[in-house]
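Only one chain is given next, in structure tokens, and it is the form predicted alone.
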Amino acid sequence: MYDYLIAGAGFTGAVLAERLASVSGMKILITDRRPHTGGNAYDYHDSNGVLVHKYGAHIFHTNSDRIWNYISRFTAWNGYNHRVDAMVESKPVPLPVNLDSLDALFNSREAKDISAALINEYGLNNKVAVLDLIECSNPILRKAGEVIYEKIYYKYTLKQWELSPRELKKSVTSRLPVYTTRGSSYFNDKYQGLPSGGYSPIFSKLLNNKNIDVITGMPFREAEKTFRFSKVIFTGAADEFFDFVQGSLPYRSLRFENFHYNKSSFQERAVINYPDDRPYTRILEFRKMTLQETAGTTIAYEYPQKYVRGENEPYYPIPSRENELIHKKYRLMADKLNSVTFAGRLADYTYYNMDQAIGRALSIYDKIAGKKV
């Protein structure tokens, strides 16, 4: 008899399992339909010995002391600082767009005028969404915004979402910024890096507890019928849990093509974006993130695609008013189930970074444990 059946062994499920087992002494069964723990953060060594992220690049970053201190109990960090370029007309442009990027996109006179106008309008060390820049009253900034939109964001977004930036919600387009500062670090968080030994060992440590049983390759419905438990934490898709009675929630998915080369370096950065007509959005070079010392290097071409249930993985909830209304109906149904807690990117139909998934799990545990926060 288990206190909790936790469906899904990604960060949300694994952190909740660890807290409930190690702090509250509860008996936990955690299952995952995939043949491994770790969710989309799962990594492994390929046949050439290169540590590869199976589901795309995962760089940990957070401003939260609590989240960083918690997860650092299960790993050391390699100190990697994430830098990304967009390849525009065969020229690397630092991302996110900042004052350095302007030097690559415009001639020196234009870049200087645009930089001065940006700082004058928005101040130093701030950011503005590119769509807001296009609507700025300053004609210099409007024109610059249109160039940045077309060359950096439009085609990339179209490939990623099959929607243009103007068709997406502001919560997404706000992630298309222009920074009024210099420096090409992709994240500005207080903490960032990759786990020294990879992500998979983190999950092994999180779940290494006599009060936790782990079963992979088992869908939730099978576990539900097979085992006895008091309560459920469900991190899968809400529409699937309720048998799609309110309709299906759409997602975007990804496909990866990996190649290995017998040389130490393939490209300048760990991640290079291609905001052009190529079918892939970016190329990842893993050893530049993991800082692993290997004779060869493994890269991955990343292709966005439509999510098809049973054929690929759901990565990104598609934020739209229509989809939010569907999810709200499922949320109302979920609220009526006292013995089931829904949490995670799929259950909440919300894009979470890894630190946000951990933070969500810690908050839920605080509530379960009756802690005042």
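Residue positions are given as counts along the sequence shown, with the first one as 1. Everything quoted here is computed from the prediction, not taken from an experiment.
There is also a form predicted in complex with a small molecule; it is not shown, and the following applies to it.
Remark: Tyr352 counts among the residues lining the small molecule in the predicted bound form, judged by a heavy atom distance of 4.5 Å or less. Using a 4.5 angstroms threshold between heavy atoms, Pro250 stays clear of the small molecule in the predicted bound form. When contacts are judged by a 4.5 Å heavy atom cut-off, Gly49 does not count as touching the small molecule in the predicted bound form. Although the partner is absent from this view, Tyr55 contacts the small molecule in the predicted bound form, with a non-hydrogen atom inside 4.5 angstroms. Between 328-336, 63-71, 303-311, 342-350, the stretch whose residues reach within 4.5 angstroms of the small molecule in the predicted bound form through a non-hydrogen atom is 342-350.
None of Ile212, Ile134, Leu99, Leu254 but one reaches within 4.5 angstroms of the small molecule in the predicted bound form through a heavy atom, and that residue is Leu254. Contact with the small molecule in the predicted bound form, defined as a heavy atom within 4.5 Å, is made by all three of Arg33, Phe220 and Thr235.
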